[in-house]
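Next up is one chain by itself, shown in structure tokens, the form predicted on its own.
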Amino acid sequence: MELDDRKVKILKAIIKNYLETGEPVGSRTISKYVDLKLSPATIRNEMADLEELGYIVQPHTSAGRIPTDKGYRFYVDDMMATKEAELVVKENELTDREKELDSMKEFLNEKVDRVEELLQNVAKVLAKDTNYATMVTTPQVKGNRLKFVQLSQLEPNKILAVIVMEGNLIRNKVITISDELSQENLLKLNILLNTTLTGLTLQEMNLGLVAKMENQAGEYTKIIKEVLDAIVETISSADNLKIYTSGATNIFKYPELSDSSKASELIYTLEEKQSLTDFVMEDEEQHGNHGIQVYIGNETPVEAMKDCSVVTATYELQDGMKGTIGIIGPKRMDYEKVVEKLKTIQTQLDDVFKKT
């Protein structure tokens, strides 16, 4: 059985009403929608079909219907497709959008001196504006490549290795040597390291390449090994994902999430963050683009969030560094508002970071 226009209208009406009230929706409520012009009896028949198709469910015998995960998915996909197709924006809507962008830009520019403080404040602002829980991750680099290595003499028996990765991630490492290096040999080591390793990822620095370098370095093999260790440390520190969360207590505003056991599990997940880290990494691997992703109910891989919806967006720095912004709320969240908020903050983070 296909969803014809009438069923689609009724399904959307049920979902919109439930998003607003949180109460099961009956046929009489739907019949009051002017554009439908259908009797309660006709609507009941259509609702029975929608239930059979799995888009809505009747939680109690005498109650109205509420959307299922499948119903929400249809609603969200339809909303996202409609927004993509909107080529003309009303003048007043554009003005409101520009005002919000300018306001957010001003806020971000004030905080851009400290990235961690900036991201923490983004999480707080989103939680306040949406009344949901939020998360923002620090930017990460996937397949990070080496830009260059610079060895220089600090003291007769100490060398400073400056390692610069894409995204201008820098690590300094002091290497102790037994004998003083001449400027000529120091230059040769710099040339060896940069001609061999520049532009490579850690995965591309294989054992064969390392063995070849160590062979060419001769008596300075120890220095090559220490520089390679520092490169590994630099990439590992870049991969140490941090997640800032805010608004965890907002979940108590929604009866379907405020059950003591469910709420405690969700709050623990937001505080403990390991499950969020796994989720973000999986999200990045599957959807490493710049779009908006919506996870509804069981689509969310985090067990404590099976009664929630999670909407994520990616912000991007230069040199391929990316981070994730996420909003966590009930399945009856205001998807349209959430998507607009994420697009606004995504645009401004992109703008701010690309200018720094």
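Throughout, we count residues from 1 along the sequence that is shown. Note that this is a predicted model, so its numbers are computed, not measured.
Omitted here: the form predicted together with the DNA. The next part is about that form.
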Open item on the list: Please tell me whether any heavy atom belonging to residue 308 falls inside 4.5 Å of a heavy atom of the DNA, as the geometry stands in the model of the complex.
Closed with: no
Task: residue 57 within 4.5 Å of the DNA in the model of the complex, heavy atoms - done: no
Open item on the list: I'd like to know whether residue 63 contacts the DNA in the model of the complex, with contact meaning heavy atoms within 4.5 angstroms.
Closed with: yes
Open item on the list: Residue-level question: is residue 50 within 4.5 Å of the DNA in the model of the complex, judged on heavy atoms?
Closed with: no
Open item on the list: For the interface check, one of 308-316, 327-335, 36-44, 294-302 should have non-hydrogen atoms within 4.5 Å of the DNA in the model of the complex; which one?
Closed with: 36-44
Open item on the list: Exactly one residue in 13, 342, 19, 25 has a non-hydrogen atom within 4.5 Å of the DNA in the model of the complex; which is it?
Closed with: 25
